[in-house]
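As structure tokens, one chain now follows by itself in the form predicted alone.
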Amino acid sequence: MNKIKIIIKREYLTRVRKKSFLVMTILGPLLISALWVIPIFLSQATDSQSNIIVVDGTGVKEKDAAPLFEGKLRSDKNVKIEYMNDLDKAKLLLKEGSTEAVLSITRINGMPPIKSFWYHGDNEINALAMQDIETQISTLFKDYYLKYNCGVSDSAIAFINNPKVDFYSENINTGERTFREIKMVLGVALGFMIYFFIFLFGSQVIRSVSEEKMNRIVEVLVSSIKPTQLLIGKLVGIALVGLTQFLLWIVLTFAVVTAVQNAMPERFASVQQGKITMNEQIANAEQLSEPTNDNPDIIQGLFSINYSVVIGCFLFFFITGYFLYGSLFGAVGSLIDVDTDGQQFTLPITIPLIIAMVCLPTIMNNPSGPMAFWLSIIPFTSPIIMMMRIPFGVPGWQILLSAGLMLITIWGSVWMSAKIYRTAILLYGKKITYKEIWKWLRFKN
């Protein structure tokens, strides 16, 4: 046992002292923080305001003699709307560079149809601004037609323009609201993290074992320790490295995000407002036509998740998934030397992980379906698929069954990998086949 501790300590300290560990520990939180902070900055970023001249040439006026379009198009932080009656003069201003675009709205062959013409210089106008203005024009014309040709009231038109229906789902057994979109995002994120960590630290196991074999260091090590103990020590040591880096990422990410929030509180004012109003409900069911803020629902959805179960299951499947694949990767590493291509042995091991990621859309569409159930029970896919299902709520017996099968499979995987490792670690320059590996597994000490 003391020898295994020495190997664990050696593997752990060797890796945490590397520059690559320090670089990834720093870059990881910065990248994670950027995924959260940058969208906020982008959503609040403002381009230079575009100046647009609108010429209403339809001649259509409302009953109060007000022009149909003039003065009705909204300016915002990206677009400034001005109105003129002379199209030729507006085009002249465009050629001089006094404005960025001219919008001419005309009536052709009676009413309808209404046609719109854009005139611009060398640079095209912002596509989003153009789309917004086109939508406003269509809405104004539709409102005019409904009001004066069909006799529809203003309140009915307002409802037609914004027929928003708030959709709520509730668990009949618990009485709690469910937030499917938020759980989907969380499930995909957790599944990708497990997938990423298994490949990241599994590749470290392959590299560590193969390097020691090719450098002949392993010949010195196995003279004082059993190959099985050496493999187990490597697995535990690299697992501790992974957990250390993961915990540092959590702490540093929280610190970076907090520092950015404190440095620029005005940028995050809307987010904080969403947190303040997260418990607000619809005060009046008759006000469905008024726009509502989606931030409270998002915050409530995040708070509705049982994070103790999510974190506990994540740590379990992170560790067990690593040990399952890490032991197999360790066996592959022992098969590799200068003359051996490890790809033929690595590909069959990674196929279950690839299958899990390919099935991701199906799992997200039906997290309680037969495919989701069986892939979350089969040990080689359960670390990823189960973590995708956990945010949606998984019966306890399914989690226990998956965990039990995972532990049994890990025991068999470590036993099998140890037998391969013990024989292959001292073989050099020999082409190894699956048939020969099968003989090693059947051999009794």
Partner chain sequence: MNILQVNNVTKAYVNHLALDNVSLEVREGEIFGLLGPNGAGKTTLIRMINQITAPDSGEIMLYGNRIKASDVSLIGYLPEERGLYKKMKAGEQAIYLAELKGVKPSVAEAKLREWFEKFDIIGWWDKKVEELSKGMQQKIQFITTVLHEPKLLIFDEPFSGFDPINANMLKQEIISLKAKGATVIFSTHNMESVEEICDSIVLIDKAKNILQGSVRDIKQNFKSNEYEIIVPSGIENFDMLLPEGCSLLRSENNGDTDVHILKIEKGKNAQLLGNILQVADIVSYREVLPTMNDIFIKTVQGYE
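It should be emphasised that the depicted structure is a prediction, and the values quoted were computed from it without experimental measurement. Numbering follows the first chain given and starts at 1.
A second form of this protein, the form predicted together with the partner chain, is not displayed here; the remarks below concern that form.
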_I need to confirm a contact call. Of 115, 95, 74, 216, which residue comes within 4.5 Å of the partner chain in the model of the complex, counting heavy atoms only?_
216
_Which residue, 354, 259, 220, 347, is the contact with the partner chain in the model of the complex, using a 4.5 Å heavy atom cutoff?_
220
_Taking the partner chain as it sits in the model of the complex, is residue 426 near enough to touch it, meaning that at least one heavy atom pair lies within 4.5 angstroms?_
yes
*Can any non-hydrogen atom of residue 155 be found within 4.5 angstroms of the partner chain in the model of the complex?*
no
*May I ask you to state whether residue 100 is within 4.5 Å of the partner chain in the model of the complex, using heavy atom distances?*
no
*Heavy atom to heavy atom, is residue 431 within 4.5 Å of the partner chain in the model of the complex?*
no
*Determine which one of 197 to 205, 223 to 231, 369 to 377, 243 to 251 lies within 4.5 Å of the partner chain in the model of the complex, judging by heavy atom distances; exactly one does.*
223 to 231
